[in-house]
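For reference, the chain that follows is the form predicted alone, supplied as structure tokens.
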Amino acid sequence: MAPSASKTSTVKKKAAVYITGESPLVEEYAELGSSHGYTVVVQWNEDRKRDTVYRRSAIVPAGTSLALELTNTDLERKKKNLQKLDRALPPTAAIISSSVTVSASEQATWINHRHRLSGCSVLPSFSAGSVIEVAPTVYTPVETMEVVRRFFASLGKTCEFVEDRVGMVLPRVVCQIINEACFALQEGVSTPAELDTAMTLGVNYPHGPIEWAEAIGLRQVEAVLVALQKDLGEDRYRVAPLLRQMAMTGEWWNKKPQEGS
């Protein structure tokens, strides 16, 4: 039987935080947590070896107060990660999970202790911002959201509570802008540099769409758009063929082959 929601444990400085998911999200939040006094243990989805200054463990350490699941591109792996965390963590420990490609409420149905999970908006490079979008599920009590708020406040972030929807707010808007830029590129409307200049000077965006795409990563952008089209069934989220090709190959639009390749 699930414990009372009011017993969800609070997170204190110097507590142990377990972070699992994909690169570079794990690194970004491991650095953020460590720099604010948390003991951080990490585990990547990727099997390849990785040099890290953080303790790496496939086993969730005893005494872990809170866990972050940061996977956007592989939902089957995400589901396994969450189920593992749910089995290993104390029933009162909160799980904060990236929810830009699958709603937090759907994720909560994957685990037994549904009250412990809340969603957040996480994409590569977004961790530098001072505001983070957070979404309670239909199962999340006020007490769990207060744990989440306090945790992010301890990282110097303000929580903006939003509805639990695929893509959330900023990721949806930014990924759509990038997608439209890729349609413009493939149609020969403009060059990457011209697109960035037009958007930064013309509408005062902090970054141009190509700059944003490079910072976030094309596979991440594609994953958000695919999830939005699947969830909403709207053609406006159809992935530009050029973006899909670049996400698949890892090659940028105007990158020239190296000599001898």
Partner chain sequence: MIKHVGVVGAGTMGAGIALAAARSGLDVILYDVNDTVLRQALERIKTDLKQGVAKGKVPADEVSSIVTRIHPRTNLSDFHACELVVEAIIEDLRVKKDLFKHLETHTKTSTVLATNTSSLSVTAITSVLRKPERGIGLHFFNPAHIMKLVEIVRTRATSESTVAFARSFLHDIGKQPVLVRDTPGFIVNRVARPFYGEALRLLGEQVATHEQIDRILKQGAGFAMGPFELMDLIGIDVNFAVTQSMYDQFFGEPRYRPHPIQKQMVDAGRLGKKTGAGFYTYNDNTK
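Nothing here was measured: the structure is a model prediction, and the numbers come from that model. Positions refer to the first chain, counted from 1.
Another form exists, predicted together with its partner chain; not displayed. Remarks below refer to it.
S.K.: Is it the case in the predicted complex that Arg165, Gln176 and Glu234 each bring at least one heavy atom within 4.5 Å of its partner chain?
M.R.: Result yes, every residue of the spot touches its partner chain.
S.K.: Would you mind picking the one in Met199, Val60, Leu32, Val226 that has a heavy atom within 4.5 Å of its partner chain in the predicted complex?
M.R.: By the 4.5 Å criterion, the partner-contacting residue is Met199.
S.K.: Is there a heavy atom of Val42 no more than 4.5 Å from a heavy atom of its partner chain in the predicted complex?
M.R.: Output for Val42 is no: heavy atoms all beyond 4.5 Å of its partner chain.
S.K.: How about Leu82: is it within 4.5 Å of its partner chain in the predicted complex, going by heavy atoms?
M.R.: No, Leu82 sits far enough from its partner chain in the predicted complex that none of its heavy atoms falls within 4.5 Å.
S.K.: With a cut-off of 4.5 Å between heavy atoms, is Thr109 one of the residues that contacts its partner chain in the predicted complex?
M.R.: Taking the distances in the predicted complex, the answer for Thr109 is no, it never comes within 4.5 Å of its partner chain.
S.K.: According to a 4.5 angstroms non-hydrogen atom cut-off, is Gly37 in contact with its partner chain in the predicted complex?
M.R.: Looking in the predicted complex, residue contacts with its partner chain do not include Gly37, since no heavy atom lies within 4.5 Å.
S.K.: Of the listed stretches (168-176, 111-119, 146-154, 84-92), which one has a non-hydrogen atom within 4.5 Å of its partner chain in the predicted complex?
M.R.: Going by heavy atoms within 4.5 Å, the stretch is 168-176.
S.K.: So which residues in 198-229, when you check its partner chain in the predicted complex, have a heavy atom no farther than 4.5 Å from it?
M.R.: Going through 198-229 in order - heavy atoms within 4.5 Å of its partner chain in the predicted complex - the hits are Ala198, Met199, Leu201, Gly202, Val203, Asn204, Tyr205, Pro206, Pro209, Trp212.
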